[in-house]
Structure formats: structure tokens, C-alpha cells
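Presented as C-alpha cells, the chain that follows is alone, the form predicted alone.
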């Protein structure tokens, strides 16, 4: 008798990258509704993503993470707490924005504790660069926001300057997470007396 493998809880919440053609995703079809889309870039263990999704059930959340084991664990957690407004994908945020997100479709992009690439020779790998922000601006809907946080002082200064000097994006009030929305990284850093540098920018409405 052939045994069938039982699907893992939350497996249906993990998106597969289409190949070889990469048309933009239709999130109305994926989620079954036309709710606003928010993206958590580097969702990690999912503490922020799931807390936010539970708090705002009428918002669709896409978590992007490059570690497959984390994706699977967050998917299982989401299934257990009935977060049906969450989808996850193993990929790089720049790749997803460039290939699979429609223009003017993201309400909010969260970038919390990205790799600071502290060595000078690696600074070019940092996520916050003008070209990346140009791409983000293209994908944000009018009035859409980018919320950024890092504990790395040097990266914070450079990223803040880059974001606030962008030709289109303008500074707005920083996002302040509730206690249950703080990421696992943030809780670890706070335990060592390190606190987040936070700032946000917004795409104009017109």
C-alpha cells in the first residue's frame, strides 16, 4: 500500500516562486479578498508578523525570509493561531519587489533589523541604498510607508540619511511597535541594553 504524506500545518501559507515566467502576483486571488497589502521584509521567527496579523485581520501580510526552516516554523505558528491573512515566501526582498509585486500596491513595508554588514568592504551589500528605495517607491501605493529599525548605530545614520534624502519619499512619524510586536532580535538587544533606531518615510499621495 502506498502511503501518502500528510501535509504539514501551514504548508498552504507558503508561496512558491513561479518559473520560468514571473508574472506579478495577484494577491486578491492569493488571499481571496482585496484587503490592503503589507510586507514584512526579513520576517525571521515571525513574532512581529503574527502579532500584527492577529491585530489587523482585514489586512493581508506577506512575510519574506531567506531561511527555509524559519518559513516553515512561522507557517506552522500561523496555522495554529488561525492567521489566515498571512502568506510567506523564501526569497530576497529585492527579487520579490522587482519581479512579483505590482506597482502602487503595497500599503506598508517593514524593514526591521536587516543585516548591517558592518565591515566597510561589505557596505555595498546593505539593503538601504538609493536604487532599492527607488524600487520601493515604485511599488508603494500613494501614501504608502516604509518603517525601518536597527540597533546598529552606523547603519542607522547612513540609512536615515539615504531614506530622508530620497527624491520622492518624505519623513513621517516612526513606527513604534506594541510590546507583543517587538521582534525576537529586538527583545535580545533590549536585554543587553541596546535599543532600536527607528525612522519612517512615506510616498506622497499625489
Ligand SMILES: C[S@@+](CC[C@H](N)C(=O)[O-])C[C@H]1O[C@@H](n2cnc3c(N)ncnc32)[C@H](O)[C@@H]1O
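Numbering follows the first chain given and starts at 1. Since the structure is predicted, the reported quantities are computational estimates derived from the model, not experimental observations.
The form predicted in complex with this ligand exists for this protein as well; it is not shown, and the discussion that follows is about that form.
Not displayed here, this ligand is kept clear of residue 137 by more than 4.5 Å at the level of heavy atoms in the model of the complex. At the 4.5 Å threshold, heavy atoms of residue 150 stay clear of this ligand in the model of the complex, well away from it. Although the partner is absent here, residue 38 is not a contact residue: none of its heavy atoms lies within 4.5 angstroms of this ligand in the model of the complex.
Contact annotation: residue 79 falls outside 4.5 Å of this ligand in the model of the complex, judged by heavy atom distances. Judged against this ligand in the model of the complex with a 4.5 angstroms heavy atom cut-off, the residues 65, 112 and 185 are in contact without exception. Listed stretches are 139-147, 163-171, 43-51, 23-31; the contact stretch with this ligand in the model of the complex is 43-51, by a heavy atom cutoff of 4.5 Å. For the options 75, 106, 93, 133, the one in contact with this ligand in the model of the complex, meaning a heavy atom within 4.5 Å, is 93.
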